[in-house]
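The chain below stands alone and is given as structure tokens, in the form predicted alone.
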């Protein structure tokens, strides 16, 4: 009988021992480790920033791969809708017929008017800029500049900077009579830098970076406000735009975690390094 009692006591002790809460738990990090692949497409303005954020996110989560492709805001929105991309990049607010999508703001950018560095003019009025893009003004001498033919550089359909430009100047795209149609910001800057009589409009952050690198362009003030990222940040520059990530339906866990990381203070240094202004949702 004593042997039986000792055996029962031993079994109970083993059972209790197995359930002892003082035993160490498995490392949480292993169970919580992220893995998988994300596809992002859209705005060429946002892509360099998101690429840098993705590199940092991947270094924190070695099992994650993030592919970032450009093509313009229109492509990003279309790809999210048809499921080609997990997340779209849109450098403008959503239009009325795009309200089925969800936006996730990550930064703010300004769109500025650029001319060749040799252009002696200091500023153009709103009416003068409209006149140039509607082919009513063809020579810089007509607006107080040198006797030099004006080359109006315009953005292609689907570019968010085009839509921001049209909205600010209250223009319809069919009324524009441009001399050159370009794609992304760098294409516009290269065209203006290579043509003494050219005028265009691009992301202020990209223009500032290229000017700092020695590219021969200048940014014009707009409505008397200097075109700088500082003025975009304090809200005084009038032609600005939000930089958004866009999703359809409810994003998956990996996409949600990446979006939150893009909106966190942990990447504000990357936002500033790309000449944008951080936002806190």
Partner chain sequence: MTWWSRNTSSQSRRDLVLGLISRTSSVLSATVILLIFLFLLHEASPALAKVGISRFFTDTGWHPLSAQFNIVPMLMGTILTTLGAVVIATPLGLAAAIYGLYFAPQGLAIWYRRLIELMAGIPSVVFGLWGLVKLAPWIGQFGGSGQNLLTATIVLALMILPTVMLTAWSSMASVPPELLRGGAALGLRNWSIVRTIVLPAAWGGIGVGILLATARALGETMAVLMVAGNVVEVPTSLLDPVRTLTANIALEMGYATSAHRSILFASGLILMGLVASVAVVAELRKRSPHEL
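Note that the coordinates shown come from a computational prediction; the quantities given were computed from them, not determined experimentally. Residue numbers count along the first chain shown, from 1.
Not pictured, yet referred to below: the form predicted together with the partner chain.
### Query
Is the gap between residue 170 and the partner chain in the predicted complex 4.5 Å or less for some heavy atom pair?
Residue 170: no, not in contact with the partner chain in the predicted complex.
### Query
Can you check whether residue 158 is within 4.5 Å of the partner chain in the predicted complex, heavy atom basis?
Because a heavy atom of residue 158 falls inside 4.5 Å of the partner chain in the predicted complex, the answer is yes.
### Query
Looking at the partner-bound form in the predicted complex, is residue 190 within 4.5 Å of the partner chain by any heavy atom?
Although the partner chain is absent here, residue 190 would touch it in the predicted complex, with heavy atoms inside 4.5 Å.
### Query
Does residue 151 make contact with the partner chain in the predicted complex, using a 4.5 Å heavy atom cut-off?
Residue 151: yes, in contact with the partner chain in the predicted complex.
### Task
Counting non-hydrogen atoms within 4.5 angstroms of the partner chain in the predicted complex, say which of 180, 103, 211, 143 makes the cut.
If I apply the 4.5 Å criterion carefully, the residue I get is 180.
### Message
Can you work out which of 84, 128, 139, 195 has a heavy atom no more than 4.5 Å from the partner chain in the predicted complex?
### Response
It is 195 that has a heavy atom within 4.5 Å of the partner.
### Query
Can all three of 71, 75 and 174 be found with a heavy atom no more than 4.5 Å from the partner chain in the predicted complex?
Each of the three qualifies.
### Location of the partner chain contact in the predicted complex, chosen stretch of 182-190, 200-208, 103-111, 117-125 [non-hydrogen atom, 4.5 Å]
Of the options given, it is 182-190.
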